[in-house]
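Heads up, the chain below is alone and in the form predicted on its own; it's given as structure tokens.
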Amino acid sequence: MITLHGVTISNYYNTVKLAPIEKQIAFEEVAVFPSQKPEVLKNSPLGKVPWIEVDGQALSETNVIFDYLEEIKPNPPLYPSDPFARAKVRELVRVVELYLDAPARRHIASVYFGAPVNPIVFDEARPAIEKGIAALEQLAKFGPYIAGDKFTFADVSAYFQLHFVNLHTTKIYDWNINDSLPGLAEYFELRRRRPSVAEVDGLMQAALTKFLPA
């Protein structure tokens, strides 16, 4: 049995949670916040969530967990069979993580914990996010899925990471990124209709409503 460790307010936790649901893999959940506590660091070397535990062994990092799940249960597939198409899915995942989620994450203290907005971060993060949106516009297919005509790990990742970005840009800049990327609003709406996405997203939104400062 796989045990998923993390917290419902985390976009990465919900990304990893969606993957075994889509692949019809049974798992259990254990609530734990990211920290530098020894009991967390022994499982996740940087103290991040999520991680999974399998037969007493821990595995961290979202992309690594994706690959593990695909190997232990190839069907239903969430990577294309064609090597180049599979690489394009991984490319989309990395672009969203590194060039959209990462710069937006610099505002996490303000958005999640009510800290004053850092003026340096305020000036630096938006241009970085804009570059990430331009890169995503070049790569995304929205046909109707982000990598083409099949639901893949790129959708598993992008749905929650882009919602996270939009939460931050709306709060900090009064900027809805749906207005900056043609097709994104429709993409979000279509993905919300998928039962697995609606289930995980509903629990995350409820948890965020309780957690986020007014």
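Don't overthink the numbering: it's just position in the shown sequence, from 1. Not measured: the values here are computed from a predicted model.
The form predicted together with a small molecule is left out here; the points below concern that form.
Asker: Find the only residue in K88, K141, R126, R105 having a heavy atom within 4.5 Å of the small molecule in the model of the complex.
Answerer: Among K88, K141, R126, R105, a heavy atom within 4.5 Å of the small molecule in the model of the complex occurs only for R105.
Asker: Using a 4.5 Å cut on heavy atoms, which of V49, A147, V165, L184 is close to the small molecule in the model of the complex?
Answerer: Residue within 4.5 Å of the partner: V49.
Asker: Determine whether any heavy atom of E61 comes within 4.5 Å of a heavy atom of the small molecule in the model of the complex, and answer yes or no.
Answerer: Because a heavy atom of E61 falls inside 4.5 Å of the small molecule in the model of the complex, the answer is yes.
Asker: Please check if E130 has a heavy atom lying within 4.5 Å of any heavy atom of the small molecule in the model of the complex.
Answerer: Although the small molecule is absent here, E130 would stay clear of it in the model of the complex, with no heavy atoms inside 4.5 Å.
Asker: Counting only non-hydrogen atoms, which stretch in 41-49, 173-181, 147-155, 22-30 is within 4.5 Å of the small molecule in the model of the complex?
Answerer: Careful reading of the contacts points to 41-49.
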